[in-house]
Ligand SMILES: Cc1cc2nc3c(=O)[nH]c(=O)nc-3n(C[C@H](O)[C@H](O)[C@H](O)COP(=O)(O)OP(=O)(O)OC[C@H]3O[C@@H](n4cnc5c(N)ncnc54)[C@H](O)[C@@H]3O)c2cc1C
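Only one chain comes next, encoded as structure tokens, the form predicted on its own.
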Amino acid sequence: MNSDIHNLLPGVKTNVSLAPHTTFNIGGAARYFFIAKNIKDIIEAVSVAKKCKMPFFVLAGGSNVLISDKGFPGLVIKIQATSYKLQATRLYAEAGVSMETLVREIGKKGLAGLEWAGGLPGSVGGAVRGNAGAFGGEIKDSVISVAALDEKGNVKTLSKKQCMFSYRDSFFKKKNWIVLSATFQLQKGNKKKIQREAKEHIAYRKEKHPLEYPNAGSVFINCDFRKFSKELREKLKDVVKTDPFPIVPTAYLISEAGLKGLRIGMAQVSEKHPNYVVNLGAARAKDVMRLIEKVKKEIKKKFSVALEQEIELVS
């Protein structure tokens, strides 16, 4: 049946390297690769993969993912559905629109609600799926509704409540539904103030994050302060941040465990921001995974907490 995919999905390519399609610049080739330029393309590609009984993976901005060195044995659907529309204070955006574009364009209109996302990598689909957040803001704060493709290939529109947003999580992540588009409620505000705040966040990321190297963003989510022992809570109380509830930055824990700069092959725990693993050159996925496992083990030993991985491994 796989041989029929070229007839069923015109434009599909064979044996395409995935590394250039990720912010990590790591990974092998996709057996089949298809660029979905609109929502109809996404639905069609998923339908074809199911007809061919083929595994598929949806890729958008390429952040927050680590592709296996062996690549992906099925169909990778690259989302380039990038339409968005502003009507007064309501914003509709397809899954492939970059967060960078939205922050810039709504800032020009003097609309508030997403300025916390200044410098955030990735796309709308990924941000909604993982309830992206920074600087005390989260994507859920502005969401009205989300259109997604369910496991049967039907398009469903979910209200904010139905999205079941939680810390770096959502219904879509739990159920593996594919986000197609989202509608956001924004507020009129002071244009200069909104743009200044977004620019400050972009500048902060450039200064504090290792953006000079390919990376996939934060490797782990921050740790819930309540999960630490009473004794450790007392020791850690001065580093607690609100994001949006009390958390201990994972970067702090990794630094305290003496893991900054730890290197396996060309993959390294960043010295600049230790919750990042950076690709120093020709890093391999297996080296990154060994680093991640080493960090998890050391943090568990020192702080008795289990780190939760934010990066998704695709194999």
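Numbers follow the displayed sequence, beginning with 1. All of these numbers come straight from a predicted model, not from anything done at the bench.
The same protein has a further form, the form predicted together with the named molecule, not shown here; the description that follows concerns it.
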query	finding
4.5 Å heavy atom contact, residue 48 and the named molecule in the predicted bound form	no
In the predicted bound form, residue 23 touching the named molecule (heavy atom, 4.5 Å)	yes
4.5 Å heavy atom contact, residue 250 to the named molecule in the predicted bound form	no
Close approach of residue 201 to the named molecule in the predicted bound form, 4.5 Å, heavy atom	no
Joint contact, 93, 143 and 189 to the named molecule in the predicted bound form, by non-hydrogen atom at 4.5 Å	no
Stretch in contact in the predicted bound form with the named molecule, which is absent here, among 277-285, 255-263, 28-36, 55-63 (heavy atoms within 4.5 Å)	55-63
Residue among 182, 106, 120, 76 with a heavy atom within 4.5 Å of the named molecule in the predicted bound form	120
Among the candidates 178, 223, 158, 194, the residue which, in the predicted bound form, approaches the named molecule to within 4.5 Å (heavy atoms)	178
Residues in 27-51 with any heavy atom within 4.5 Å of the named molecule in the predicted bound form	none
